[in-house]
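Just one chain is shown here, as structure tokens, and it is the form predicted alone.
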Amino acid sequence: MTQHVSTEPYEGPAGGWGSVRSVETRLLREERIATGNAVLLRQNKPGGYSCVSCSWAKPREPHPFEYCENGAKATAWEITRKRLPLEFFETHTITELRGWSDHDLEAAGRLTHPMRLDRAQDRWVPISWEDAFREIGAELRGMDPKRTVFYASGRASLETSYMYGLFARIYGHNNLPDSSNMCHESTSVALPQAIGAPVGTVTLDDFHVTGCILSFGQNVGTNSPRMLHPLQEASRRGVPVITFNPLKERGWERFTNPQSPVEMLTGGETRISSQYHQVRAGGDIAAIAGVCKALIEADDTAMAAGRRPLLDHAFIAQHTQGLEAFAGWCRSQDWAELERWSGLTQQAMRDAASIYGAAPSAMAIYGMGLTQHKKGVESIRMLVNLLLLRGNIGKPGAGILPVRGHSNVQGQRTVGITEKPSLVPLDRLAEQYGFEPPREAGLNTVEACEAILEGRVQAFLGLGGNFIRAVPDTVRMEAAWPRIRLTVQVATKLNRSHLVNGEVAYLLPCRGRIEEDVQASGPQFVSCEDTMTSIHASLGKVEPASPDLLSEPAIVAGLAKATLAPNPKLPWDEWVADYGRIRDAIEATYPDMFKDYNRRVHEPGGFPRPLPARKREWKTETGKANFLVPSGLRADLATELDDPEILQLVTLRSNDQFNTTVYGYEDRFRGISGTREVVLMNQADAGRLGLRNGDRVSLTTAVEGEAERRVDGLQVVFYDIPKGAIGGYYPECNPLIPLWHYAEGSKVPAAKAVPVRVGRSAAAG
């Protein structure tokens, strides 16, 4: 379908009528305009279903419309009336479908029947569930378990995730990469080192009493729009909101609340950020260091003059270690270097420090703008340092808040989807199920990709997601993929990963979370963990897209039974018949976190799992919260190359997208319509390179001695982005990211810091 291309600046706020029109347009396209709005009224509410997109918290007292624009699009996308019947695959070959866009593949509709790859016909052909399980099980039984990979996307329920991780370990491996490896693994590494917890400490209640909000590298208007409600309330109370982000993102600027009839009728807006600092891409360590330096020096001056100190010395003495080394490092930093690498003026950093230093409490919010850098782990530890200086962890209105993406990506880790055996109670599992769990570390996402490139992976099982599009080095990965013997994909819709297959391949369609799930004991519900560690029930009531669909727990059980030896301690059939039995098993494995699971899961607002750091109990090696000194100010390869011809690519989502799912071609807040083939450039950089607005260019990864990585045919769009940085859409720009270009310590792909050269497009002649 030909799209009208427009790149005109958008002047409206986040939310408002633009959001309402976008939702209704999507419901209309999915043929759900009459019933879709009724379904949305149950989203993120007690007795309803958890959103299938982001994992933002569900309040105890929900709004009448407890969903955002992107959450509504995700729901419409799943409950669409469009279907892919078997006739579709009789008509379209896999080779033909590879020429379709990501949007068009998923927009075609819901999968309806299990299928097997027929290489001779170049098509997916139908297969019964019984035969699919039997054939997959036979393949897996003939393989070395340690040469297989069980990937999980971030939307599988806690019940499904527990079963999937157990299946993998009984089969014989810890190769359980998930989407967290590509986004917040830097969080899971940094926070335990600093505060002894792998997740954030902020709750929704903290927003009501906080005295200051700091945000780093997070796009609230696109990635977690429901957070705009507590942000709006805080701003109206006069709470300063200080934002550090390379791009001006509309959600952090101003918001019109679609829940407010007055605002909608009058066009009223709320200013969100009181300070907005366009930090250099990858300049967060330097920016935070500048704020810390200003704060520490002001405290030094106050203490010398006998005035009230700015640092919380009582908290620091009782609860932390390492301040002396960290403070000494901050004092030694040169302001000229801090300005150079942060992209901010000394005065801007001092202004932020002044506001933060006067606040009785403060919370720090961050996203992948911090995690997806070479020094992503250090960036997060620096943010913890800033909070510790004023005792802003473990008290009301304070804490650190990594904003997770996919709806249950955090919960999956809680119940065992991890390649790290140290994070799983293996001895308890061994006693519970009578087997010896594998103890060696498994493969994370980057390591799984490396193994695939080297031909060491015999089987890949994907529990949801679009792995081949989500990972770096897309071209190399697609070329290596057919060498895998067996690929199995569990999905609701068709995507690129279903068109690049192993020698033997299966496509297993599942029911969606919003759909009714009736098993032998009656209607079932599942549960999810939100970004603030609360566990919620999720009950679907929409009629399934096809009577031939199975639930995710039923599919995992079917695969496990066909692969593993019989074990009377593994009641797969009983679990599928009654998901409450799975929750009982989870509680037995994790008794402290899931006490009274089946009862508490229905509590309004969910029940939080215990987090010692919220009570200032530090489960670190030192027994205290740790100030940790960074290795330097430069965060990325692009700055280390120190070549003015090399620009730093920051990959972005549009507000018509969630992860690899592209709902449409309207990036309303950035004023881009009808295309995703764009590169956002600072006008001065473009002029220096002899480029004009609208020119067609190519991007080439600036790495010598390797095969060329190139994306061609991108349209230059002048944009308010710091000099030296450019922006391009994910996943279209993933071919430019070398697999080895990742965060130190976490191996999260450094997708916010790809060194590239810009050249004239071959398509432009």
Ligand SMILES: Nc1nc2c(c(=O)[nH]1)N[C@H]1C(S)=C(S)[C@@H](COP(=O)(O)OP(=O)(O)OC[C@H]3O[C@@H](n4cnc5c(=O)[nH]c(N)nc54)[C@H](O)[C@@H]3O)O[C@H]1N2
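Counting begins at 1, following the sequence as shown. Remember, predicted model here, so these are calculated numbers, not experimental data.
Only in words, not in the display: the form predicted in complex with this ligand, which the text now covers.
Enquirer: Classify R653 as contacting or not contacting this ligand in the predicted bound form by the rule of any non-hydrogen atom within 4.5 angstroms, answering yes or no.
Expert: R653: contacts this ligand in the predicted bound form.
Enquirer: So in the predicted bound form, is this ligand close enough to V239 to count as touching (4.5 Å, heavy atoms)?
Expert: Output for V239 is no: heavy atoms all beyond 4.5 Å of this ligand.
Enquirer: So in the predicted bound form, does A743 come within 4.5 Å of this ligand, heavy atom to heavy atom?
Expert: Flag for A743 set to no.
Enquirer: Decide whether N659 counts as a contact residue for this ligand in the predicted bound form under a heavy atom distance cut-off of 4.5 Å.
Expert: Contact check for N659: yes, within 4.5 Å of this ligand in the predicted bound form.
Enquirer: Three residues, R226, V556 and Y579; all within 4.5 Å of this ligand in the predicted bound form via heavy atoms?
Expert: No: none of R226, V556 and Y579 comes within 4.5 Å of this ligand in the predicted bound form.
Enquirer: So this ligand isn't shown here. In the predicted bound form, which residue out of Y356, Y151, W124, Y164 has a non-hydrogen atom within 4.5 Å of it?
Expert: In short, Y151.
Enquirer: Quick check on this chain: which one of R583, K493, R390, K293 has a heavy atom within 4.5 Å of this ligand in the predicted bound form?
Expert: The residue in contact is K493.
Enquirer: Using a 4.5 Å heavy atom cut-off, indicate which stretch of 244-252, 195-203, 339-347, 672-680 touches this ligand in the predicted bound form.
Expert: Heavy-atom contact with the partner occurs in 244-252.
Enquirer: Just to make sure I understand: among 51-77, which residues lie within 4.5 Å of this ligand in the predicted bound form, judging by heavy atoms?
Expert: Sequence-ordered list: S53, C54, N70.
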